[in-house]
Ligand code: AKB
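Shown here is one chain on its own, the form predicted on its own, set out as structure tokens.
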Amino acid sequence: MIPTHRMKILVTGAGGQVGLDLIRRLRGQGHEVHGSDVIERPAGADSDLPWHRLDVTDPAMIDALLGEIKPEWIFHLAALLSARGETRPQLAYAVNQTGTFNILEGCRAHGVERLLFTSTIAVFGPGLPSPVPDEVPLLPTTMYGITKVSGELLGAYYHRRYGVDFRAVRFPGLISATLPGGGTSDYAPLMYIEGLRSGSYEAFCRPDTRIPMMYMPDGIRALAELAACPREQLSRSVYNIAAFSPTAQEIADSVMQALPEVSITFAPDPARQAILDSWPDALDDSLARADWGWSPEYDLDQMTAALLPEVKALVREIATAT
């Protein structure tokens, strides 16, 4: 599902875990893509990628940038993740909630056709059925989850009120060969990264912790496919997407089977474990499969096989930099 013409796209929060991989996919499809973030151009960004400094909490900066580049689509990734958001909830509110409102206002004022939003399993609270369907009471326990619920509702409002074509995926925990950015699911990628880097890793969760997970290439593809889907095929604006739901011990076993020299142990952190226990252990993504043909390509062991060469390259890069 690739659009038949070249789109001009802005990606906010492009210096985070998802941004550069998403940009490469979109550019590979022939689109003109602009990256933006509060940080300067990150080291991993392509040298010819147009890059803009953007603080999404500043509506004047958004207004100026949208007026300058006139994007047709925006992928709004800018956010403080769950664990970091709990240490700085006021900042998480400003970035995640006020920032999303500012981006929606920018879309309305500048006639941006389509807004893609990254939501999360953190919108859910405890006590839900398994697997969790798209439509359930959303009672999150973190500032991150609260602001993402608000983002979903604001997007639906701007779609009804102003015609902004708002679309969102609820991401599971994403695993990639990138240093994590403060998410509560970071124990999973750290098993690979720290396992290779130091030979051992002590996870901050219980071994029986089970939440939905996804390999980053599947997550990137989901965003791109949802963005390209004709609106008339969509029965809703916000979709669960799922891949696999391993326990933390099963992830550790997959790593240690591939890397017998690595040791992974567990020392649960009460605060982060409480967040993990509030999240679902599996998602029902049948609507995404029916409406726009979503289907993951990687299970846990396939991900481990694909991920390890990438993590080895990351570890070498870190060692060279230090």
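From 1 onward, residues are counted along the sequence shown. In this text the structure is predicted, and so the values were computed from the model without any measurement.
In what follows, reference is made to the form predicted in complex with this ligand, a form of this protein that is not presented.
Looking in the model of the complex, is this ligand within 4.5 Å of a heavy atom from each of L81, G173 and W279?
Yes, the whole candidate spot contacts this ligand.
Test of understanding: in the model of the complex, would T147 fall inside 4.5 Å of this ligand by heavy atoms?
Taking the distances in the model of the complex, the answer for T147 is no, it never comes within 4.5 Å of this ligand.
At the 4.5 Å heavy atom threshold, is G151 in contact with this ligand in the model of the complex?
Output for G151 is no: heavy atoms all beyond 4.5 Å of this ligand.
Would L223 show up as a contact with this ligand in the model of the complex if we use heavy atoms at 4.5 Å?
Judged by the heavy-atom cut-off of 4.5 Å, L223 is well away from this ligand in the model of the complex.
Please determine whether I121 contacts this ligand in the model of the complex, using a 4.5 Å cut-off between heavy atoms.
Close contact exists here: in the model of the complex, I121 approaches this ligand to within 4.5 Å, heavy atoms only.
Using a 4.5 Å cut on heavy atoms, which of G155, G99, G219, G183 is close to this ligand in the model of the complex?
Filtering the options by heavy-atom distance leaves G183.
Based on heavy atom distances of at most 4.5 Å to this ligand in the model of the complex, which listed stretch, 126-134, 193-201, 230-238, 113-121, is the contact stretch?
Stretch 113-121 is the one.
Give, in sequence order, every residue of 27-45 that has a heavy atom within 4.5 Å of this ligand in the model of the complex, or say none if there are no such residues.
Nothing in this stretch is in contact.
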